[in-house]
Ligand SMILES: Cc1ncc(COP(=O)(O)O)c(C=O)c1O
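The data below hold one chain only, encoded as C-alpha cells and taken in the form predicted on its own.
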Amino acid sequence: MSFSQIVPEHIQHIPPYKSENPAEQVERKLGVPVVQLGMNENPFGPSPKAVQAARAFLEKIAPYPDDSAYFLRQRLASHYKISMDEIIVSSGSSDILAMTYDALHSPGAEVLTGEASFVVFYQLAEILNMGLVRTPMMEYAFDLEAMAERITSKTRLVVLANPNNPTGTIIGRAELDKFMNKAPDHVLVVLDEAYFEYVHDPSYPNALDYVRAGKPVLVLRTFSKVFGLAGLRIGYGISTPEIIETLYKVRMAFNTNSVAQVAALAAWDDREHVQKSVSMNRAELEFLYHELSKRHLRYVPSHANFVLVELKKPARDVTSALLDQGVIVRPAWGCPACMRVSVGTHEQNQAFLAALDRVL
C-alpha cells in the first residue's frame, strides 16, 4: 500500500502550496537582481531598532521562548486599553486563523467569505474539508448584504479581510455595523486587518469596538507588513477572553520564537519608522496611479501597500512575461484578469513600469 492510499481523499486533491517565484530562485535563473513586488512586504525593511534588538538577543536562544509572549501582550494591551487576556500572539496571524478553523471545525460546519480574498481563507477550509461558501464580490469589495443572506445554521465562521487582499478595498464602519447587527451568535466573525496601519480613510471601522461590546469577533493583525518582520513570522489576535482561551486549546506550544518577540517589541515602539513607511507608501501609490493612468490601465484605488491592476487578458501571461524581465508581481487570487502589484521603493516602481512597457 502506498502512502497516498492512506491519505484522506480530500487531502489528495489539494495542490501543495509553494511560495510562488522566490526572489532568490529567480535571481539564480536570470543571473541578475530581481525587483520583488509580489509579497506585499515593506520595501523599506524593518526598524533598525528591531534588527538591533534581534541581534542582541541571539545569545539567549537556548531556552524555549516565553510561551505566552507576556511582554509583547502587555505592551499591546496597554496601547489598545484592553486586558492581556484578550490577546494571543503567534507565528503570524495566519497561524491564529488556522487555530480558529481548528477550534470551530465540526461535521457540517461551514465557512463564509468572498470570492476574491486571501488565499489562506480557502486553503484552511480545504485542509479540514469544511464547507466553504463564497459570495461574489461587488466592485472588488465584499458584498456584506449578500453575505448576511448566506448565513445559515451551519455557518460557524465569516472571514473578512479589511483591507482586502488582493483588491485593496475596505469595508466601511456603517456597512460593517449593519452586518454585525445581523450576524447571529453562533457565528464568529474574523476581521483580518493585516494592512490596517496603511488605512487613512475616516470611514474605516475600529474593529476593537466590537470586541469591547462582547461581540463574537476575532481581530487579526501582524508584524509582517508595515513593521517589516515577515521573515520572523509573528502576529496577534484580539478577541473576548472566552474566544482567546479557546484558541489556546488548539495552539501548538512554544510556537512563537523568542527573537521574533523581542524584535516585535522594538518594532512596535519605533513609531517614527512606521509613519515613515506609511507616508512613503502613500506617495508611491499616487505615483503608480498616475503612471498606470497614463498607460490607460484601470486600477482599484487601494487602502493597503499594493494595487490591483486590470489587464483584460489572463494575468498569468503578463506576470510570467514580467518575471522574465526580472520583476515579480502576482496574478490576483480570484481575479484571473488582474495582477496584484506591491508598492515598492520609487526605484522599484520605476523598474516595474519600464518592464511593463516592454511586456505590453
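The model shown is predicted, which means the values in this text are computed figures rather than measured ones. Residue numbers run from 1 along the displayed sequence.
Below: the form predicted in complex with the ligand, not depicted.
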| query | finding |
| --- | --- |
| Segment that reaches the ligand in the predicted complex - one of 285-293, 149-157, 225-233, 130-138, heavy atoms within 4.5 Å | 225-233 |
| Every residue of 161, 165 and 194 near the ligand in the predicted complex, heavy atom within 4.5 Å | yes |
| Residue contact check: residue 210 to the ligand in the predicted complex, 4.5 Å heavy atom | no |
| Contact flag, residue 101 vs the ligand in the predicted complex, heavy atom cut 4.5 Å | no |
| 4.5 Å heavy atom contact, residue 114 to the ligand in the predicted complex | no |
| Interface membership of residue 198, the ligand in the predicted complex, 4.5 Å heavy atom rule | no |
| Contact assignment for the ligand in the predicted complex, among 169, 94, 261, 277, heavy atom within 4.5 Å | 94 |
